[in-house]
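Let's start with one chain on its own, the form predicted alone, as structure tokens.
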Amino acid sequence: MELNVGVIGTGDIGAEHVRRLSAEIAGARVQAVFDVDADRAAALAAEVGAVAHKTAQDLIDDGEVEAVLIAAPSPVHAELTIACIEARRPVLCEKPLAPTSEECVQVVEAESAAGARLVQVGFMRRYDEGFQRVKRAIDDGSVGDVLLAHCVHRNAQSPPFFRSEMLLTDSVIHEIDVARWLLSDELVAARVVVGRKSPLAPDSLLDPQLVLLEAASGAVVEIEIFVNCQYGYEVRCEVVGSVGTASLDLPSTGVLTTAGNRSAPVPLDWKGRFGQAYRDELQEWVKGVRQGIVTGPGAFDGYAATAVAEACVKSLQTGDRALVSMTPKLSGP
């Protein structure tokens, strides 16, 4: 039996998810879609043989829908995720779980009250083979005690609606989750430094930014976020331990040597770089939902990442080191 999935949000990433679920993920089919752009939703529904609903709640209440994927704008993530919990629908919510930690707490508490693990957050980098190799090197002790981590996150160009804070809440939040996951530790403080602004960034955008995160263990995580680098999409990470290092570089895509030059291609965007990670994320989620076991990053992970991102935004605004504020003893089912 295939898992009937409803997808809320049929924009760029939502449409990618719909097509992957329909054509590349074993054991799944897209039963229904919804988007505030009704024409766009209807066209995508016709493409994959799904139903286009008039409201998100109609999709969640559809008796044929067994699980929901939320790819709508982040301001509605918490509201929609809680509606899925109340309807007992397993839900994969794209990052961030919610824009504020208060909203994330509401999601965690709703899931806890339901008494079942229903929420997964779309931190797909945990499914990337390169990041998983780095994680294994840390967990098996190959690098010794983790002392430092250096991360690079670059986009060719930022979306027109991007604001300076969104470099942290919508981009660096990936590195925040990766850091918590790699180190198996909580992040307790943040400092954001803004230096010389790129002349090719929009006038209102402070780009690039340098983020310093402190882990409870004392390890320090350095993150460069640069969303108008022009040349392509690049994500790198190096973890420095007491006896060795583990690195994630650009994936091997072949090297061309000719006419006195040696070159390698760079992905143009996140689709080219993390396509396989998205596929693996969806496949594991579908398999887990069908078996009644959701194993990916959960609601608490989404809450913790947003809490750290809030500290980053505070530091950006004040120029000072900011402590991460998290509710003590908050947990899920």
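Remember, predicted model here, so these are calculated numbers, not experimental data. For every residue, the number given is its place in the sequence shown, counted from 1.
If you look for the form predicted in complex with a further copy of the same chain, you will not find it shown, but the lines that follow are about it.
Proximity of V324 to a further copy of the same chain in the predicted complex falls outside the 4.5 Å heavy atom cutoff. When contacts are judged by a 4.5 Å heavy atom cut-off, E86 does not count as touching a further copy of the same chain in the predicted complex. In the predicted complex, at least one heavy atom of G130 sits within 4.5 Å of a further copy of the same chain. In the predicted complex, a further copy of the same chain sits within 4.5 Å of a heavy atom of S198. Listed stretches are 168-176, 119-127, 237-245, 68-76; the contact stretch with a further copy of the same chain in the predicted complex is 237-245, by a heavy atom cutoff of 4.5 Å. In sequence order, E129, G130, R133, A137, S142, V143, D145, V146, L147, L148, H150 are the residues of 126-151 having a heavy atom within 4.5 Å of a further copy of the same chain in the predicted complex; the partner itself is omitted from this view.
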